[in-house]
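One chain is shown next in structure tokens, namely the form predicted alone.
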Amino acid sequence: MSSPALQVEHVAKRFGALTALRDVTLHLDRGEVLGLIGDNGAGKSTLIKILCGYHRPDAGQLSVDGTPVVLRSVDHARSLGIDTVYQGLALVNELSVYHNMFLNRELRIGPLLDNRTMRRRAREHLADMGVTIGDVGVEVAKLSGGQRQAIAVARAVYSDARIILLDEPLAAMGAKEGTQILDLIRALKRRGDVSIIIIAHNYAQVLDVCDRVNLLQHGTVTFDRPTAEVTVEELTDLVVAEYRRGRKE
């Protein structure tokens, strides 16, 4: 069997007296979409920041394609094909769609921007992913939340990311916009060359689009099962039971 795209083994992280991650072990197979769920404060954001190179773990080991790595920075993680799309998106609202697609990796002819090529490639990349943007020259600020999210994901894919971490990609979106992003994730699954971790709170959406689900509780993964073998009610009961135990303590 081939090595997982990403392997996390016994990772721990503390911030002073606060233990954010106790002992996290998980894996992401190649071409897989993994749903990462958990209550607020479970450690999801800290784990994502470790996987993208923003934080270094205090203990444990990360491996990419079977090779152990120590991520020195976000840029180092990106050089290994790991990219993150946050709720904030890191898009520049005043710039066009195509300028955002090539942000910090602009194409040039000598000292001048090659706007014609960037515009054409941005249009081709978005169309290839099934993302409909009428005019890639429009400012990002004028687009819907779903369109902005799709641009951020497309930018990661066409920056040669092989592992994409999506931090709450469906938060604060209406049904139509959420469906657009779910369709985009399905399109990436069909390609088979990108592995994805999604942090989400909507369990129905997780089960709809993910291959497997992990539940993070108190800094450790307590549940790992294919989505075909679990229900929304079961996931809800697990989280509610943990919440009630915490209240009693």
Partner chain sequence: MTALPATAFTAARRTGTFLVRWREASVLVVALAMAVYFQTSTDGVFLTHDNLRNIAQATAPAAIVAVGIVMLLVNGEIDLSVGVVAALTPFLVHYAVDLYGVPVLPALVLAVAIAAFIGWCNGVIVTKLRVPSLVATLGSYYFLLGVLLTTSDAYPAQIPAAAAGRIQSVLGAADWASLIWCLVVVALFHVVLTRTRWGLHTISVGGNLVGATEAGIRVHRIKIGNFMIAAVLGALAGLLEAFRINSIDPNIGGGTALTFTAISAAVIGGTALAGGSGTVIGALLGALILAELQNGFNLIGVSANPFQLILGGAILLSMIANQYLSRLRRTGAP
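Under this definition, the rigid core comprises the largest set of C-alpha atoms superposing within 1.5 Å between the forms. Model, not experiment: these values are computed from the prediction. Positions refer to the first chain, counted from 1.
One more form of this protein, predicted in complex with the partner chain, exists but is not displayed; see below.
Enquirer: Just to confirm, with a 4.5 Å cut-off on non-hydrogen atoms, which of Leu95, Ala171, Leu80, Ile133 contacts the partner chain in the predicted complex?
Expert: Result of the distance check: Leu95.
Enquirer: Among the candidate residues Arg116, Arg72, Lys176, Lys142, which is the single one with a non-hydrogen atom no more than 4.5 Å from the partner chain in the predicted complex?
Expert: None of the others qualify; the residue that does is Lys142.
Enquirer: So in the predicted complex, does any heavy atom of Tyr54 sit within 4.5 Å of the partner chain?
Expert: Result yes; Tyr54 sits at the interface with the partner chain in the predicted complex.
Enquirer: Although the partner chain is absent from this view, report whether Leu126 comes within 4.5 Å of it in the predicted complex, heavy atoms only.
Expert: Residue-level check for Leu126: no, no contact with the partner chain.
Enquirer: Does Asp160 make contact with the partner chain in the predicted complex, using a 4.5 Å heavy atom cut-off?
Expert: Output for Asp160 is no: heavy atoms all beyond 4.5 Å of the partner chain.
Enquirer: Are any of the heavy atoms in His218 no more than 4.5 Å from a heavy atom of the partner chain in the predicted complex?
Expert: Contact with the partner chain, no.
Enquirer: Whether Arg191, Arg225 and Val239 jointly form a contact site for the partner chain in the predicted complex is the question; each needs a heavy atom within 4.5 Å.
Expert: Checked in the predicted complex: no contact with the partner chain for any of the three.
Enquirer: Given a core-based superposition, decide whether the C-alpha of Thr179 shifts by 2 Å or more between the shown form and the other one.
Expert: Comparing the forms between the shown form and the other one, which are aligned on their rigid core, Thr179 does not shift its C-alpha by 2 Å or more.
Enquirer: Determine, after fitting the two forms on their core, whether Met118 shows a C-alpha shift of 2 Å or more between the shown form and the other one.
Expert: Yes; that C-alpha moves by at least 2 Å between the shown form and the other one.
Enquirer: If I superpose the two forms on their rigid core, does the C-alpha of Gly137 end up displaced by 2 Å or more between the shown form and the other one?
Expert: After core superposition, the displacement of the Gly137 C-alpha between the shown form and the other one reaches the 2 Å mark, so yes.
Enquirer: Taking the shown form as the reference, report whether the CA atoms of Glu106 and Tyr54 lie closer or farther apart in the predicted complex; the distance changes by 3 angstroms or more.
Expert: Between the C-alphas of Tyr54 and Glu106, the gap narrows in the predicted complex (3 Å or more compared with this form).
Enquirer: Ala152 and Gly41: their C-alpha distance differs by 3 angstroms or more in the predicted complex. Do they come closer or move farther apart compared with the shown form?
Expert: So the answer is closer.
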